[in-house]
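Just one chain is shown here, as structure tokens, and it is the form predicted alone.
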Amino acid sequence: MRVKSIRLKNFRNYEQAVIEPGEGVTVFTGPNAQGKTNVLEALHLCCLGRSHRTPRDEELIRWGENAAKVNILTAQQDGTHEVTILLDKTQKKKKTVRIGSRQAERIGELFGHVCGVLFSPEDLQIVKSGPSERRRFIDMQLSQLRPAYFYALQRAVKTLGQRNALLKEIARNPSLAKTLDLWDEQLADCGAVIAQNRREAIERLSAYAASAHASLTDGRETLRLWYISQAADSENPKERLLERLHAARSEDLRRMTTSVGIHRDDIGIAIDGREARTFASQGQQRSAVLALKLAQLELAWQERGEAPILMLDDVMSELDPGRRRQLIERIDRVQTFVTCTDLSDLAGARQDAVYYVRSGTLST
């Protein structure tokens, strides 16, 4: 897949911008706080329908304006794809997604038209923070690649909310307890789909990440991922989830919340056999997350049959020369968008297009 053009209108600090990326590495360079990351945010918005920096779409609209527009044109094996996202504070529907000239009815229709992997400073939380960040990491990856996964995830979130609401209602009206079986069945049904997909994907990501990490560290360290789930070791995850939901029912009724399900999953990350969250240095954690992102890239490439785009936000300046060299060798294979404050950080990389960014204005 290749992005052919990016058009921004009143997006973040850009009044108007037209970007025509190169086939290889496109660089956005300039001082901090000028708008470099905003371009990657616009690309990410068209990949997943959401910003990687804020859950509030209104923050993406230029100060003093009511509406913003992002338009991306891509070339893929099956032809040209066009995605337009409109944000409007004055409309009842604050966000509208268009695929070509057609308005998408569901956000899941967006996935695949712009497929990308983003590495940003915030991604260090995948290693450093709790399980929710790691679940978000795998959910975003699989939602882009497998629409059935995304819709199962939506059903799981909705069902979990309804079951928790029912648990609270049962405290006031115990006769409703008999209806829990219905919600347990639904939660286990969509949970099984999610668990099976997560387990298979994490096994593949572990192999890809181990290879990428070995390259980044010149073979000095080993990286391993594994799936942590209440249904991880079962050949029939639905049955296992139902068993555990039944066993935990008394405790769930007492606490009025659901203690069993895919919302408790995690991904184990270890460097040289030691938990990365606890024992890894800042540099090791950064290398581990970068390896995870390169593994995401490989998984998406294998599943789609064509490479996604890669977005690297201010990553080069934090790497030592050896890791930087290894990364540059890998990004030459795909269309890559890089932000940096100093072009010397990309020495050795083929720079097909360079944009200088000053206060939301681009020049070449």
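From a predicted model like this one, the values you see are computed outputs, not experimental measurements. For every residue, the number given is its place in the sequence shown, counted from 1.
The form predicted in complex with a small molecule exists for this protein as well; it is not shown, and the discussion that follows is about that form.
K.L.:
Tell me, out of V315, L45, L327, L60, which residue has a non-hydrogen atom within 4.5 angstroms of the small molecule in the predicted bound form.
P.N.:
The residue in contact is L60.
K.L.:
Would Q351 count as touching the small molecule in the predicted bound form under a 4.5 Å heavy atom rule?
P.N.:
So Q351 does not count as contacting the small molecule.
K.L.:
Closest heavy atom of P308 to the small molecule in the predicted bound form, within 4.5 Å or not?
P.N.:
The answer is no: P308 has no heavy atom within 4.5 Å of the small molecule.
K.L.:
May I ask you to check whether N32 falls inside a 4.5 Å heavy atom distance of the small molecule in the predicted bound form?
P.N.:
Yes, N32 is a contact residue.
K.L.:
Is there any non-hydrogen atom of K69 lying within 4.5 Å of the small molecule in the predicted bound form?
P.N.:
It does not: once the small molecule is placed as it appears in the predicted bound form, K69 has no heavy atom within 4.5 Å of it.
K.L.:
Want to guess which of 295-303, 34-42, 315-323, 328-336 is within 4.5 Å of the small molecule in the predicted bound form, heavy atoms only?
P.N.:
Stretch with heavy atoms near the partner: 34-42.
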